[in-house]
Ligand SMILES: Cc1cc2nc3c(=O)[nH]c(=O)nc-3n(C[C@H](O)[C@H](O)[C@H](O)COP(=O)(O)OP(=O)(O)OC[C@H]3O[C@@H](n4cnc5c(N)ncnc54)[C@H](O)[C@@H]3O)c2cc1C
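Below you'll find only one chain, the form predicted alone, shown as structure tokens.
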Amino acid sequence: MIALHRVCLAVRLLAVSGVIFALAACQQEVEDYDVIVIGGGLMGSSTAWHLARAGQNVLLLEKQASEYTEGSSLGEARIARSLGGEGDIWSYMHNRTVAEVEELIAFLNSHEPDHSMNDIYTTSPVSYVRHHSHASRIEDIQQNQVDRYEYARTPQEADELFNLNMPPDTIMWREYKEHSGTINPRALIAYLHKALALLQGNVQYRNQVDELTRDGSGYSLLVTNTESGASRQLRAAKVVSAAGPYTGRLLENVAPYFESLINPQRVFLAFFAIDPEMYQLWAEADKQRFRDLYPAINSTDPTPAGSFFTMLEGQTPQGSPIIKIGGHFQRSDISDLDSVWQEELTEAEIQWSRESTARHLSLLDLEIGEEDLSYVRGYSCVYSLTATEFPYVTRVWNDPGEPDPNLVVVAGLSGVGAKGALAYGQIAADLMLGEDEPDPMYQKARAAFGYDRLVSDLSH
């Protein structure tokens, strides 16, 4: 439900020739909504979609334009994987998201056909290249893995299984499953917004929430249009905060402890193109081996800072593939959150990315070196991290020590978010609506991200 109320913002007293006049300031309309979701990235968009499906009147506010230029969900490829042992939460979140995306695609096709799962997922082998010190971890997973996989423990096995030249201190696991490979965040966000509009939900771009305060049992929001500079007041019975690294700033008046629970860190992505003349000389079998080598998580350097994730994202006009690479632990502090997105990569960061890419490509044994990798561009983004690096999907803690049923926070998703996006959104929507599911894995995930975990973190 949306209602408009006329309110007097202020009364000014003017003294003119000794006579006092009371002048009412110009009046402003206050819009009332059932639910306002703050943040139109993957998590906010997913939550808004699930709420709209449940019949809620939803307003989704996003401070950027419809075309994203900032955010950890930027781009067209993030790794989507289901590898994990029995009871693995991340596998569950991925597999649940695949099922939810299938429902999203079916909904869109019921209104306008020609949408496909292939618009969101690129199915390809997912490779885990590890230092041999990780062997026990991989073998524990192997005991409970139900999906097809191949495991090379020695260079000979890597040659036989994958036709790769693997160093002797390395092991490699490759999973094969439909919709494992990469997920396209840009396309998924666009489809979620389209579906939300079809359900009469409201997506408003270039609307930044400057202030969130409690207003009785609901919430009041001061919102600024980032293009025009105009401000307005909104009210909502319920609010979902999905503001990523801005969570602490957004919640400073209602749940200020999130400022200490969420730690934004700068990370970077680098993009390289293989020399097009070299690439065109490769035999088709070698091009296929190259494509099968992506996406990958490479931890052949036994230190966390040396590990990286890498995938393919597009190609050059000459047809040469573009390789994207980043490191979960290539982190640095942030001096200004609003400008970090425009920060250029340093020479050291570019060189680390180039060396790591060349090390991964050396598995192909095609005599490709660092000099054959052309730096295309770099991107600075932000991971909003919790102390345990498990995200929060939870009601907030109120001063009386009770969970607030009208404010749900989805935060700390960096590094684990994209592949499970619609599952996080489902849990957030269920919390907002007071819904639940009996499935044991759903319960396990909800507990891992939820209110008791929040209270435990606050106690420490």
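All figures in this text were calculated on a predicted structure; none of them were measured in a lab. Numbers follow the displayed sequence, beginning with 1.
The next section is about a form of this same protein that is not shown, the form predicted together with the named molecule.
Find out whether any non-hydrogen atom of residue 415 is located within 4.5 angstroms of the named molecule in the model of the complex, and reply yes or no.
-> Residue-level check for residue 415: yes, a contact with the named molecule.
Any of the heavy atoms of residue 43 lying within 4.5 Å of the named molecule in the model of the complex?
-> Flag for residue 43 set to yes.
Residue 267: heavy atom within 4.5 Å of the named molecule in the model of the complex?
-> It does: once the named molecule is placed as it appears in the model of the complex, residue 267 has a heavy atom within 4.5 Å of it.
Any of the heavy atoms of residue 243 lying within 4.5 Å of the named molecule in the model of the complex?
-> Close contact exists here: in the model of the complex, residue 243 approaches the named molecule to within 4.5 Å, heavy atoms only.
May I ask you to choose, among 233, 362, 386, 208, the residue with a heavy atom within 4.5 Å of the named molecule in the model of the complex?
-> Looking at 233, 362, 386, 208 one by one, just 208 meets the 4.5 Å heavy-atom criterion.
Exactly one of 162, 290, 309, 271 has a non-hydrogen atom within 4.5 Å of the named molecule in the model of the complex; which residue is it?
-> The residue in contact is 309.
For the chain shown here without its partner, which stretch in 401-409, 429-437, 48-56, 61-69 has non-hydrogen atoms within 4.5 angstroms of the named molecule in the model of the complex?
-> Selected stretch: 61-69.
Looking in the model of the complex, is the named molecule within 4.5 angstroms of a heavy atom from every one of 36, 106 and 423?
-> Answer is no for this spot.
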